[in-house]
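The chain below stands alone, shown as structure tokens; this is the form predicted on its own.
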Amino acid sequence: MPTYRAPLDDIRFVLHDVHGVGKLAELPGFEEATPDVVDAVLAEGAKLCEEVLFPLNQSGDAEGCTYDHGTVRTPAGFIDAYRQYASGGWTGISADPAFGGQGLPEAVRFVFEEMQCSANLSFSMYPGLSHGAYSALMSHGSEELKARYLPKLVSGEWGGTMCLTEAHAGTDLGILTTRAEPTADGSYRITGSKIFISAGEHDLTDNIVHLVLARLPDAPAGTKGISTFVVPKFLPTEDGRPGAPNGVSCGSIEHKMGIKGSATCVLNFDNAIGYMVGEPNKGMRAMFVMMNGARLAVGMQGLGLSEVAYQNALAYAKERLQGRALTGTKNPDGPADPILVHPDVRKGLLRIKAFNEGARALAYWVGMLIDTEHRHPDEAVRQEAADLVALMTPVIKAFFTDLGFECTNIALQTLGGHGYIREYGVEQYVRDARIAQIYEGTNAVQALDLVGRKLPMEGGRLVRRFFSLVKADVDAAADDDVLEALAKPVGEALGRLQKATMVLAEKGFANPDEAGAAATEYLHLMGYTAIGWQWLKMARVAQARRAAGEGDAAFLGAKLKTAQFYMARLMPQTAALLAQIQAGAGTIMAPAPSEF
């Protein structure tokens, strides 16, 4: 049976020692979010994830959701777990207190998101979608819509979804056909069908608030003609209760490779009553708030699954006896040595560990930037934070999920045949991780967003900000022998990233295929560099604390050794990625369709 323990020691190290989470309490509205409060909240969140959500993960996967004539039932135990989750205030952990939320920083929600994804990804999808609906309405909803829906979403009494995709459209939202007909009372009648709707129908909440993309009768073609609408499953009464059924029905649920405890629905809208969010034909603005938040959340899914897979693979490697160490017996009292003595096993586990801890540092940094973007009194500081969040969003979504899937596979391989069977649980993490590379915009789409939109944005201002931050830390390490050795690979990776940026600027403008051919490699190059930069930050803190005789010497020593592994074993991939980018699109585009 698999196990999970929230990595609170590492979480605290990143939040407090590396990123100084205490400075968030200096932002307006976060005065009570002191380090002690943050630690207490996360300790309770860890307990919920370990003791309530994780025990339902394997059984939820085995049972899955069931569909019966439009009704969807979640796996056994999910209803009770959701009630505990909602009653504890976790549905509104970072929501505005004006609507019943806890008002904690987004950075705290990022940490809790990771723990949820490790404990039970399928379960986490339900409140995760509700938070996305909350964010979109908070940013673009009218005061009337906010008053009607936000308190219920924040309390967890009602769930939420985002309804974008249609069977013929996929990622190309510009060709969606769902219609919205205006009525005399100011509402709209929504007709159409949406597919792949996570949490589209379930038995956890009294009502479900669907945010739906649709077209007005006179809407222009493409994404410039899309509007967003709130379409509740049940029409709210004047006193805020679920009233008459709306014209929304679940046509079926998907039978999937993974996340089987999460209901993935076909939703049919038949003359359903909806209310516009934001302005006509500008619905993508509201939906992008939800989508960008969801992309960061999906990145945390990759990290969360990699973490729990690592914990179980490491435990197995310490206990499983097989063969003898190449340098001589290490377990003379046993018939064989633990497989952790073998270099290839150690290499795989260190690869996961180095990714997990580096990705955690990068993600929490971005979480704190989101709080800075929304709360800092200085407009220039807010803008810098917003630039960096925008740049890092596709990287976190795509790089974390590409590497997260790779790491869950390494974990499975560590267990050998036992990894492939259900009893040990790791095969589920592989199956669950695979979808994260696909939904909320495939990773190829994220790479195109990074190269085609984020790099040229504001004349390259976003990426220049990132370059300057990395270079400053590389330069600052020059006077320390240990840190200089770690900073050198980061500086070299930064140089390759800058060179790749110039290559794309020169070739991609003249021939878009050049940008398309290099996009994924460029995103990975930025991902490896960004995590390497975070490892340099962590190493600097670990080195300073160890020199001062502070903290757990073994913990800090392991940090430095893992940083050295990352620089020696993962950062060299940046050289290969640059070579692939420089190779251009020629060999990719040359074969005719008949030659495939």
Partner chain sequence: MKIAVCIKRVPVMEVKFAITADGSRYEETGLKYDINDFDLWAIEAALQLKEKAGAGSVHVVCLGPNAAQEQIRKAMAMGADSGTLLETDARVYDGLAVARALAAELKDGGYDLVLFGRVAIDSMNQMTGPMVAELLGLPVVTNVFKLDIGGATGRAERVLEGASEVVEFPLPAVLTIDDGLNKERLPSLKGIMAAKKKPLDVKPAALGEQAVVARSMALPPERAAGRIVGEGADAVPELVRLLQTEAKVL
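Because the structure is predicted, anything quoted here is derived from the model rather than measured. Positions refer to the first chain, counted from 1.
One more form of this protein should be noted, the form predicted in complex with the partner chain, which is absent from this view; the next part is about it.
If you check the partner chain in the predicted complex, you find no heavy atom from any of 455, 488 and 502 within 4.5 Å. Scanning 568, 547, 40, 62 against the partner chain in the predicted complex with a 4.5 Å heavy atom cut-off leaves one residue, 40.
Of the listed positions (297, 213, 477, 104), a single one reaches within 4.5 angstroms of the partner chain by any non-hydrogen atom in the predicted complex, namely 104.
In the predicted complex, residue 34 approaches the partner chain with a heavy atom inside 4.5 Å. With a 4.5 Å cutoff on heavy atoms, residue 441 does not count as touching the partner chain in the predicted complex; it lies far away. Although the partner is absent here, residue 511 lies well away from the partner chain in the predicted complex, with no heavy atom inside 4.5 Å. Remark: residue 329 does not count among the residues lining the partner chain in the predicted complex, judged by a heavy atom distance of 4.5 Å or less. Note on the interface: of 191-199, 467-475, 96-104, 488-496, the segment with non-hydrogen atoms within 4.5 angstroms of the partner chain in the predicted complex is 96-104. Contact residues in stretch 1-23 (any heavy atom within 4.5 Å of the partner chain, taken in the predicted complex) are 5, 9.
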